[in-house]
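Take a look at this single chain in structure tokens; it is the form predicted alone.
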């Protein structure tokens, strides 16, 4: 099953037989005070630099979230989407819990964007899926419902089935629904990552859908988070995940290595190309810093 995302000039295919897709996570003010301030001040130069940096580090898609209290998010999301589209050729993932903001972002985005996200909650299914259908977009489906996040893989897969059924009923092709099995931090629940990995395996076997993970969620509250994130993402890719909302600068090399080891990189070309690119980018960063 392939999920196709598009900008005006570029097409990205998410699929188990394709290289793993990285969705750049940095244009999201949650926990990022500098970005929140830039959005509040209308500092689009900083946002543009975030987009360009993520593209340089190999992001395939860019997540866009402008959720800052007190700003006109509908107006701002339009400006940010248009700005990023003018400077990069990457498809966009529009990220908001506000349907008015999603609608504005979808109207501004060219090509075929991804919506982040819908869940199995009744209200979300009834408000988000019509936007996705009308725009011809794809959507991430979170495996949580009105009762919260299920504890077992089987219960999470049941929520995924519910989301797929509602999407198809509304005219959204099954391949345009990317399921996120969700992960909680292992700092508070040592089995949290295992439940997610088992859910990924079960989703692959039972539904065959594309699967997204939020790679950094697993390590909240722990020391040396990049190590935990890299290990978890590698396990997710092996289990059957096909894309992740993540930091392409920190985890790009892990992703390229995983693709190489899983036979998705003929003659190691993508890995070697990324290795050389990373060397140049780090040298440039060191020069700027010193």
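Keep in mind it's a predicted model, so treat the numbers as computed, not measured. Positions refer to the first chain, counted from 1.
The same protein has a further form, the form predicted together with another copy of the chain, not shown here; the description that follows concerns it.
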For this session: Please state whether all three residues 13, 49 and 56 have a non-hydrogen atom within 4.5 angstroms of another copy of the chain in the model of the complex.
Result: no
For this session: Pick the stretch from 67-75, 173-181, 187-195, 88-96 whose residues have a heavy atom within 4.5 Å of another copy of the chain in the model of the complex.
Result: 187-195
For this session: May I ask you to choose, among 38, 27, 249, 257, the residue with a heavy atom within 4.5 Å of another copy of the chain in the model of the complex?
Result: 257
Exercise. Would residue 267 count as a contact of another copy of the chain in the model of the complex, using a 4.5 angstroms cut-off between non-hydrogen atoms?
Worked result: yes
Exercise. Hey, in the model of the complex, does residue 282 get a heavy atom within 4.5 angstroms of another copy of the chain?
Worked result: yes
Exercise. Heavy atoms within 4.5 Å of another copy of the chain in the model of the complex: does residue 277 have any?
Worked result: no
Exercise. Is residue 20 one of the residues lying within 4.5 Å of another copy of the chain in the model of the complex, judged by heavy atom distances?
Worked result: no
Problem set entry | Stretch 206-231 - residues with a heavy atom within 4.5 Å of another copy of the chain in the model of the complex | 218, 222, 223, 224, 227, 228, 231
